[in-house]
Each structure stands twice: as C-alpha cells, then as structure tokens.
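Listed next as structure tokens is one chain, alone, in the form predicted alone.
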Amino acid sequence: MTGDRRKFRREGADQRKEALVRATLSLIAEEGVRGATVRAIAERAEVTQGLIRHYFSTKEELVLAAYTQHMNAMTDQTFAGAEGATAKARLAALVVASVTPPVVDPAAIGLWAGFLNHVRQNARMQEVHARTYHDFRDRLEALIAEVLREDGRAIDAGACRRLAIACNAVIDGLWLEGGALPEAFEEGELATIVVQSVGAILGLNLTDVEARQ
C-alpha cells in the first residue's frame, strides 16, 4: 500500500468519525444525551448503526468523544480572539470574545444543558470537564499574571489563581445568560459589562483598551 493510499484511508476514517461526532452534538443539543440514541445518531449522520459501532465500541465512547471535542473547541474558539500588542489588550479581547458570537450561541447553551446531568453521573465525563475547565482557567490565569506584571504589580501564585477563578466565574455567567436569553441584552451590552467587571476584579481599566481595538 502506498503512502497516498494510507493517507486517503486515514483521512476518510477521520472524516466519518467527525461526522458521527457532529451528529451526536446536534442531537444532544436538541434532545439531551438520552435522546441521542445510536439509531438517531445513525439517521442524522446518514450511516448505518454498524458503522458507528465500528468506530466507537459504545454510545458512551461516542458521547465522550463529542463532549471532549465540544469543550476543547469552546476553549480554542475563545482564546482565538485574544489578540493584541500587549497582554492587557489580549485580555480585553479575550473577555469580549467570550460573551459575543460565535462563542455565545444558543446551540452551545443547549449542548451545555444537554451534557450537564450526564457529566454529574459519569466519572469519565467529569474527568473531561475538570481537564477542560482547568485548561481554560490556567490559560486565563497565565494571561492575568502577564497583565499584572505588565502593570508593574507583583502578585503571588495563590492570589493570581483566585483572581482567575473570579474572572472565569463572571465570564461563565455572562456567557450562559447571553446564550440563553440573547434578546434580553442590547447590542454590545454584555461586552461592556464583562470588560468592566473583569477590570474591576483585577483593579485595571480594560475599557480604554477595548475601545481602541
């Protein structure tokens, strides 16, 4: 078998698994984990149930793969907006990105709600949840530490951790409300609130930075 043929087969398998994960996420957003049966997933992905079992030994394996991809994508999508010449500018851009589309999205809230009860009941899902939460928070903590150093402020690791937890809580809360009740907020209102709130927690004025971007 040539290298090109091996690559073709591998890419084909990856694309089929990706289609199954997308179908699973779509159904969980609509029906919850229980509603995402193997049969329903197969119908949504337009494949046989046998093909699903070829790639995933159980429905749990497929749901776990879908949850992992969803959580990783959310973190990557949020941090993709963290651009700027300074750490302060990157932080301002990050918090704005976290409460605006495409990060804030009713479908993402539906997925969060669909997964939530399953996470509480499933140890492997809890592990993924803990890992992705800490990944986001650790990256936020590192950026906050950089911002404070840039501002000429010395802060110990424990204090920086607590600041990251507090900022993350604000971000999560506004993300949830913005996705669940988008019509309740004026255009740009959540971005203004999150910039002011995170700035207040850190003792910084992020509003002027955000306004210049």
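The model shown is predicted, which means the values in this text are computed figures rather than measured ones. One rule holds for the numbers: they count along the sequence shown, beginning at 1.
A second form of this protein, the form predicted together with a further copy of the same chain, is not displayed here; the remarks below concern that form.
Here the marked residues R39, V104 and A123 all miss a further copy of the same chain in the predicted complex; none has a heavy atom within 4.5 angstroms. Checked against a further copy of the same chain in the predicted complex, the residues A45, L174, V63, V147 give one hit for a heavy atom within 4.5 Å, which is L174. When you look in the predicted complex, the only residue of M74, I109, A89, L143 with a non-hydrogen atom within 4.5 Å of a further copy of the same chain is I109. The stretch that touches a further copy of the same chain in the predicted complex, counting heavy atoms within 4.5 Å, is 165-173, out of 165-173, 50-58, 63-71, 149-157. Taking the partner from the other structure, a further copy of the same chain in the predicted complex has a heavy atom within 4.5 Å of a heavy atom of Y133.
Among heavy atoms of A19, none comes within 4.5 Å of a further copy of the same chain in the predicted complex. The closest heavy atom approach of E187 to a further copy of the same chain in the predicted complex falls outside 4.5 Å. Residue contact check for N205: none of its heavy atoms lie within 4.5 Å of a further copy of the same chain in the predicted complex. Looking at 37-69, no residue comes within 4.5 Å of a further copy of the same chain in the predicted complex, counting any heavy atom.
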